[in-house]
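Next up, structure tokens for two forms of one chain, structure 1 and then structure 2.
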Structure 1
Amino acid sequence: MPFLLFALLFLILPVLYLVNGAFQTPDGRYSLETMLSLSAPEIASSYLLSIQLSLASAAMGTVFGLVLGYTLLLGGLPGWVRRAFMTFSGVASNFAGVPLAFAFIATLGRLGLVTLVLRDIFGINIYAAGFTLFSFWGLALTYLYFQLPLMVLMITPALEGLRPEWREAAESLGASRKQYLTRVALPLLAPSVLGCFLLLFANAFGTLATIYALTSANFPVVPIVLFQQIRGNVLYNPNLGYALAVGMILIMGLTNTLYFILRRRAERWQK
């Protein structure tokens, strides 16, 4: 089958090659040394930074996306508002990479429109207050532009699965709105929400182009370090590059596995 051959050549073999290299020393001896050197301070701090950034942007995306999704579907808004948001979300969730970086520079960069409006009209100089777009929170906010719509799109089926009967049952038993939300709706949604969170995490973890264009590769998250390593051996150890790649695969694999387990659980309530 051509597909299997293709997958073998361009998906499985490259990964196996990297895994193999990650368990060797530069002189070709098999050992755990290379993988263990991932715990060296500057490498470990890259992973930490990547994980923190992904967590922050995924958490914001999950919470705001859930709120927005819930509002759109169950908030009593007219249908055209929902349709407009859904269409826009489809586009925005795919609007990533370099152009997104440009858009945020024009918005929240040093001379961005929002920065200037805040400074000249509201007298708030966000850059003087210590904010820069090229910092942790600036990047997390930029990621939110594709994370939030992605969350809205992904959580919609789960929200549609919340049956009105459950709400009516809760209300007829005397539950307040808050009680319905916290005791019925949220527990039902929890597996889906957590699953979406994991996907958003993975989505942010693999992101490279946006951050590259925003910071000119000066923000040492793992994908950037690996990118620089491939460009020209910055780690002075080719095998460490392999280990870096395998570390990424492990984190992505783990996140996605957890997601599939959660999705199974979530599907119990969606028929």
Structure 2
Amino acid sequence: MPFLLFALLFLILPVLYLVNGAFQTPDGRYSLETMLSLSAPEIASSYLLSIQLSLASAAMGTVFGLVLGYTLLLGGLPGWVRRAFMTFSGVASNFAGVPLAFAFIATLGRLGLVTLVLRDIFGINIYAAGFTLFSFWGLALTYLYFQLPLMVLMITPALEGLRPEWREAAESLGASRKQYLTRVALPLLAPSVLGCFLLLFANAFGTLATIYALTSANFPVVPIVLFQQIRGNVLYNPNLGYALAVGMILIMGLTNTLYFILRRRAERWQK
């Protein structure tokens, strides 16, 4: 009962409130006008930009996190290295928002530590070469800081579920290490990896504080546009903000549904 009451107050009722507001106009009249405004070019482009940024950061986090997780668990590294990385991953996966934005500005900003070291010691000016922290790929790199360790934490149970006898059976039949990875391990891990990718996508799709602190609301992803409609002085239309939130909920709901389907498929191999 306490959990159901908590879910009702902080999940179900707020969603119903958003849905109700999304089908109203600013004058309180019920209409499809607000929801249909999501098809406007500027709104559609913000959704597209959010999806692209989330896909890019999720893809990088999935690939690098899988390689790192496999190395830590099955690469023969000392136990203390694994424990240290897992502890760091637990902390870094929750390090976001304004502190993360400040850390990256101080590191890879135009006058950041790494930027100056590369320029003054190695003669490499990354900003002259076209890189900027406040661009699409700069934001994707910033997201990678919490996406990669989150991937390591999520994929660890699946990697631990790879039974040694499967590798031994493959080797006894003459399979090389590469053949074992490509024909046995990766197919077994595929549902878990895709599920983790979907969760990383959802994690990046709803991020606001980090991108707001880095770009000062000049990068029009959906959370920024929503924030401007709810709290802005010029672009103030709460009902449009509710509609934007409902659109995000639908995308997140679809993402999580696909994740649960893939998780059930992956669990069959871990029983």
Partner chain sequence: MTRRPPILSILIALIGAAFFLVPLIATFNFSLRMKRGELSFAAYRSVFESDTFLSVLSFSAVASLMAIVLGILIVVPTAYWVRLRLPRMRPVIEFLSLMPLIIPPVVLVFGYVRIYGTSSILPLTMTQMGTNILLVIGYVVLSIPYMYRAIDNGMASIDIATLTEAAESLGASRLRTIAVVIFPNVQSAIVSGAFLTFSISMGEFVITSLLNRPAFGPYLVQMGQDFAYQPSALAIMAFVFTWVCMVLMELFATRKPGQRLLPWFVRRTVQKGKL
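Quick caveat, the model's predicted, so the values are computed rather than measured. Each form is matched to the other, and the largest set of C-alpha atoms that superpose within 1.5 Å is called the rigid core. All residue numbers here refer to structure 1's sequence, counted from 1.
- Assignment of forms: the chain in structure 2 is the form predicted alone, the chain in structure 1 is not.
- Superposition of the core reveals a Cα shift of 2 Å or more for Phe10 between structure 1 and structure 2.
- For Tyr259, a C-alpha deviation below 2 angstroms is recorded between structure 1 and structure 2 after rigid-core alignment.
- Once the rigid core is matched between structure 1 and structure 2, the CA atom of Thr25 is found 4.7 Å away.
- Aligning the rigid core leaves the CA of Gly241 displaced by 2.5 Å between structure 1 and structure 2.
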